[in-house]
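One chain is shown next in structure tokens, namely the form predicted on its own.
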């Protein structure tokens, strides 16, 4: 079964989302904020492409390949995002672990990560 209009809409959605995420990469302030913009492309755009392949191509080999890619890509993206964040932190601070004198504010928590807390009684 071929549904070119549905496939076109799915591929158009994938491309539009990728372009929006590229714009997000340009306007974010630092590396850590930019890292978040790869996930929608990997998850949602790849899903749209996979569904379009399922609709347009009846070949089982193509469907298996796109399924493997759609499963593997988010897994590798998570690993790559973590490695990039770790490398950026090491480059910025010179070390990976959080030191006692270093605080990272947590929005809405009233505390900061890395603060030494008093023991509970």
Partner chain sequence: MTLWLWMAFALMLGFIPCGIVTFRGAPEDRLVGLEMTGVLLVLELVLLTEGYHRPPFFDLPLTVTLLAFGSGLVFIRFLERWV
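Positions refer to the first chain, counted from 1. Only a predicted model underlies this, so the values are computations on that prediction, with no experimental measurement involved.
Just so you know, the form predicted together with the partner chain exists too; it's not on screen, but the next bit is about it.
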Is there a heavy atom of residue 92 no more than 4.5 Å from a heavy atom of the partner chain in the predicted complex? yes
Contact of residue 18 with the partner chain in the predicted complex (heavy atom, 4.5 Å): yes
Although the partner isn't part of this model, could you tell me whether residue 98 comes within 4.5 Å of the partner chain in the predicted complex, counting any heavy atom of the residue? no
In sequence order, the residues of 72 to 91 that place a heavy atom within 4.5 Å of the partner chain in the predicted complex are 72, 73, 76, 77, 79, 80, 83, 84, 86, 87, 88, 90, 91
